[in-house]
Ligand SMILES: Cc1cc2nc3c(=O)[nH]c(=O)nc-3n(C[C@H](O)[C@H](O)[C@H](O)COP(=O)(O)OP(=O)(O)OC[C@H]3O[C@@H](n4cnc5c(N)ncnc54)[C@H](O)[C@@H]3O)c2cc1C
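Heads up, the chain below is alone and in the form predicted alone; it's given as structure tokens.
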Amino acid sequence: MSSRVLPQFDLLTPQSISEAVAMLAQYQGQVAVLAGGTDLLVWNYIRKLKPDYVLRLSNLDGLDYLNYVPGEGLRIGARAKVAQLLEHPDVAEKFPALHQAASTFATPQIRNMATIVGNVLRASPAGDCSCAILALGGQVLLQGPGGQRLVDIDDFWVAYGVTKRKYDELAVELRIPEPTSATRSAFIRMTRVHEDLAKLNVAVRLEMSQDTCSQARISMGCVGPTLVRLKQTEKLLNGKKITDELLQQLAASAQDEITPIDDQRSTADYRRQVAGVILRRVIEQAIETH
């Protein structure tokens, strides 16, 4: 038998969101949801997850949207692809951190298949779009048998590969709030080539008044079991004028706040050493490009 044969599963093809939710409830946690498939098929093959059922979203019309709504923000459907972030005229201008994350996301072929919501649901600490989304803030809209509920992105990732989505819920939309005229954001990943997962990724959202930051959100990936907010480092930045001295303090704080590990892509010590350097660069990038 070929080593490249996928584990056997039954394919479910719902024709509506309500039917999809009913199937998720019926099979009680035995279902893997397939949108773009760039992660799911690899996991099924390499890690032998062997789900009994795979629920395909391709027949669900109306979930492939990516809309900017003035006064509200960005609305991203469950089937919207990463490539759509690069094509949308408002994303680069109003959500530069997310646009930058998408532009370095894997290869053009993968960007044309991988979904943004899927990147969030994967719950990987190396997720590039997810890192940018955590810095920008947002909510995941889930639909289950009892109706819809919103989960804040700060609370959505529970552990490596685990989210707040219940087995009988379908993630139907991601919402990212409207930036203000004072919002600055940026994203940087460190890796060997685009095709690789990040060794480290960092994103920031800063509310600026001239050279003073009134409020900050800082996210970092590959330094813990989930993507993390550097809340202690944020406190050092909030209400402060950004100077070289402050940037040095932020870099030192970031090193103390993370808990990286050794893996195939890097060592914990290297990640800790460069975390502050990359944070400084991403803050400088955010305030210099506006």
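The numbering used is simple: start at 1 and walk along the sequence shown. Note that the structure is a prediction, hence the values are computed from the model and not measured.
Heads up, the form predicted together with the ligand isn't pictured, but that's what we're talking about next.
Asks: Determine whether any heavy atom of residue 165 comes within 4.5 Å of a heavy atom of the ligand in the model of the complex, and answer yes or no.
Replies: Although the ligand is absent here, residue 165 would touch it in the model of the complex, with heavy atoms inside 4.5 Å.
Asks: With the partner left out here, check for me: in the model of the complex, does some heavy atom of residue 100 sit within 4.5 Å of the ligand?
Replies: Judged by the heavy-atom cut-off of 4.5 Å, residue 100 is well away from the ligand in the model of the complex.
Asks: Consider residue 127 of the chain shown here, and say whether it contacts the ligand in the model of the complex, taking contact as heavy atoms within 4.5 Å.
Replies: It does: once the ligand is placed as it appears in the model of the complex, residue 127 has a heavy atom within 4.5 Å of it.
Asks: Looking at the partner-bound form in the model of the complex, is residue 213 within 4.5 Å of the ligand by any heavy atom?
Replies: No, residue 213 stays farther than 4.5 Å from the ligand in the model of the complex.
Asks: Please tell me which of 110, 182, 151, 158 lies within 4.5 Å of the ligand in the model of the complex, judged by heavy atoms.
Replies: If I apply the 4.5 Å criterion carefully, the residue I get is 110.
Asks: What is the one choice in 204, 200, 170, 174 with a heavy atom within 4.5 Å of the ligand in the model of the complex?
Replies: Checked against the cut-off, the match is 170.
Asks: With the ligand left out here, work out from 112-120, 91-99, 215-223, 174-182 which stretch has heavy atoms within 4.5 Å of it in the model of the complex.
Replies: Every other range fails; the passing one is 112-120.
Asks: Since the partner is left out here, which residues of 23-42 would have a heavy atom within 4.5 Å of the ligand in the model of the complex?
Replies: If the 4.5 Å heavy-atom criterion is applied to the ligand in the model of the complex, 23-42 yields 32, 33, 34, 35, 36, 37, 38, 39, 40, 42.
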